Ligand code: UDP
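In structure tokens, the next block holds one chain alone, the form predicted alone.
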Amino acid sequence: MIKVLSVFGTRPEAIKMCPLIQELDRRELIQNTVCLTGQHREMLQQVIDIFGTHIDFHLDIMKTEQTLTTITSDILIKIEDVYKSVQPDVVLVHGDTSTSFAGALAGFYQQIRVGHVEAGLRTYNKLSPYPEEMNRVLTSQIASLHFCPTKLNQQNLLAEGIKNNVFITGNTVIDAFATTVKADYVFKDSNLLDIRLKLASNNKLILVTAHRRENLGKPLENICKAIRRLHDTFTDVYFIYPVHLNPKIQKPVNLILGGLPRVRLIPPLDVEDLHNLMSLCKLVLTDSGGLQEEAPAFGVPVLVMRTETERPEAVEAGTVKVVGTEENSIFQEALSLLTDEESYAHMSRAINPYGDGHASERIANILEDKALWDAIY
């Protein structure tokens, strides 16, 4: 029996780890334990409930005015007893959060193998995204097993001298759609109940998300001004913007976009509403990482409102375009997709490079390979 301890603490991690946990639970050769750090709380619990994920340990670290320092230190202190209690063969962490890095570091301190899910993403800019870029770089240096979504991610690790146990698996977020997306889905959020009616009247729907630390201030104002220009230009385009609860986001978004008749500023959506909404959209405008992987699975082009992306394979494939945070650049790129059918078709028909929905199976198969365990620290 291989003892696996899966550790996560944020909503994006949960969306990508819950399908893997489901798969690990199905395996007779794997004993899977789950530790939740609680870096997020309410929005995280929604995902756990939707997937029916069991939580065996809950560190409950979230507190008011928490900082990167308190998140990291609280996890390191609280998770030590969990590792000593479970004594796993491997700790699985995901991606680039402070939970991922702290969970990996704590595993190293206990001389436990670490498996890194969604390994090898890079922007090569320490401060963008911040602190995610350094979290994933440092986690890669600690990990013994590296589960890469794409070949480019694998090549990034090889270039850094990480050559052993580097596997291409696809991205587990595509696996999540098997649980979340339904043809007859009825939206839970009352703000979305008339969406299908509006689309039946030949209206276009654009999903907007913008919340990154590096976009606070002037960049976020530019994003909102570009959306307002698009709203004023097209009378048949509706915008849905689930707005992060951070007051530094709420204030400029409501000031610039509040009251516009075809812009809906709504609370953050649970993962089912979000995925099903995304499947109906004409276009996604985002500074998120995960949406760059998710939307192309539905043939929905993505304009990334950042200066770089750690997912360049999506850009190369043609499903994603990085447009920066200048108002006019965002406006012009969106305008082109909304008015030029050829440009739109080029992006919407491009093949999503992030896999076929079987990443979790591949990771579980690797973990069940007994020969692997004799060869790695």
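Since this is a predicted model, take the numbers as computed values, not measurements. A residue's number is simply how far along the shown sequence it sits, counting from 1.
There is also a form predicted together with the ligand; it is not shown, and the following applies to it.
- Residues placing heavy atoms within 4.5 Å of the ligand in the predicted bound form fall in a single listed stretch, namely 206 to 214, out of 83 to 91, 223 to 231, 206 to 214, 161 to 169.
- Note on contacts: among 278, 240, 114, 121, the single residue with a heavy atom within 4.5 Å of the ligand in the predicted bound form is 278.
- 269 is the sole member of 269, 79, 102, 285 with a non-hydrogen atom within 4.5 Å of the ligand in the predicted bound form.
- At least one heavy atom of residue 12 is located within 4.5 Å of the ligand in the predicted bound form.
- At a distance threshold of 4.5 angstroms between non-hydrogen atoms, residue 252 is out of contact with the ligand in the predicted bound form.
- Using a 4.5 angstroms threshold between heavy atoms, residue 219 stays clear of the ligand in the predicted bound form.
- Contact check for residue 274: a heavy atom falls within 4.5 Å of the ligand in the predicted bound form.
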